[in-house]
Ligand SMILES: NC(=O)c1ccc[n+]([C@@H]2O[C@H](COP(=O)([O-])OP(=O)(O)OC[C@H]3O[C@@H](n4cnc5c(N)ncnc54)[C@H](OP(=O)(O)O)[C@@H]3O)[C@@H](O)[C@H]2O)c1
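Next comes just one chain, in structure tokens: the form predicted alone.
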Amino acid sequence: MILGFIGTGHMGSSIARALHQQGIHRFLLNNRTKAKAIAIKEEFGADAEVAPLEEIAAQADIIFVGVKPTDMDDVLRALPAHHGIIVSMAAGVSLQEIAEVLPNSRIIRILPNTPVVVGAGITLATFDGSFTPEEKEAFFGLMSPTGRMIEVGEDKLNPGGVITGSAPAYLDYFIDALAEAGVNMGLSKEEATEYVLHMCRGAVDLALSSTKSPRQLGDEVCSPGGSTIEGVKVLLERDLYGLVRDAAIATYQKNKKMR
């Protein structure tokens, strides 16, 4: 199998590394900033080469396209001879839009997130109508080193991608804010960050293993008249739910305008 990667930034390179570690040994790489593609080629050694778009279109069985939505048209129009599978990572660019430019390709849209770097990602995927259940399963098997794969309808891809793909940034800022609060109470930043990260891991593991909702688990921490409920009151009084909702909607609306 020959894999092409057009766009070897953070997400594209992370997926390429995961697939390389799985045992795939032929990669064709292209990036607008050529140095990024060269860096991956040097890392992979003889298993990879930097190639022009025309060569990737002619040789690759699967092409992962990880460029900005505004650059998609130019990239796709450089691949007219491609007869394999296109895997688009561009939010807001539909299966139909890609098919109109590449009618001979079979198309998958995926929205991965940054934890794919450590094999703990969650990637949403939607397929055009040409894929059989067995082929979908094979693709999910190929992608398994990156983390969990979930098939969704295309109408759920962009809103779902806000939650899975963009929201890690929201959580990272919350983690940093909580660590800063720890500093204000006398901890070092390193201590506070370590405590917060392990707290988050434990809370998530508990929620995943529990039949209770995260809200129910939160309520159980808040003893009436206790200290935790005082902090939760501040968050709710300042409209935590509304703030998070507005952040997600802002991301979703921006995704729709990026082309």
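Note that the coordinates shown come from a computational prediction; the quantities given were computed from them, not determined experimentally. Throughout, we count residues from 1 along the sequence that is shown.
Just so it is clear, the following notes concern the form predicted in complex with this ligand, a form of the same protein that is not shown.
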statement: Note: exactly one of 124, 79, 86, 89 sits with a heavy atom within 4.5 Å of this ligand in the model of the complex, namely 89
field: this ligand: the contacting residue among 75, 117, 152, 179 in the model of the complex [heavy atom, 4.5 Å]
entry: 75
query: Heavy atoms within 4.5 Å of this ligand in the model of the complex: which of the stretches 232-240, 19-27, 246-254, 6-14 has them?
result: 6-14
- prompt: Does residue 41 reach this ligand in the model of the complex if we count a contact as any heavy atom within 4.5 Å?
  reply: no
- prompt: Using 4.5 Å between non-hydrogen atoms, is residue 111 touching this ligand in the model of the complex?
  reply: yes
query: Might residue 71 be said to contact this ligand in the model of the complex, defining contact as any heavy atom within 4.5 Å?
result: yes
query: Contact between residue 212 and this ligand in the model of the complex at 4.5 Å, heavy atoms?
result: no
query: Within 15-34, which residues have a heavy atom closer than or equal to 4.5 Å from this ligand in the model of the complex?
result: 30, 31, 32, 33
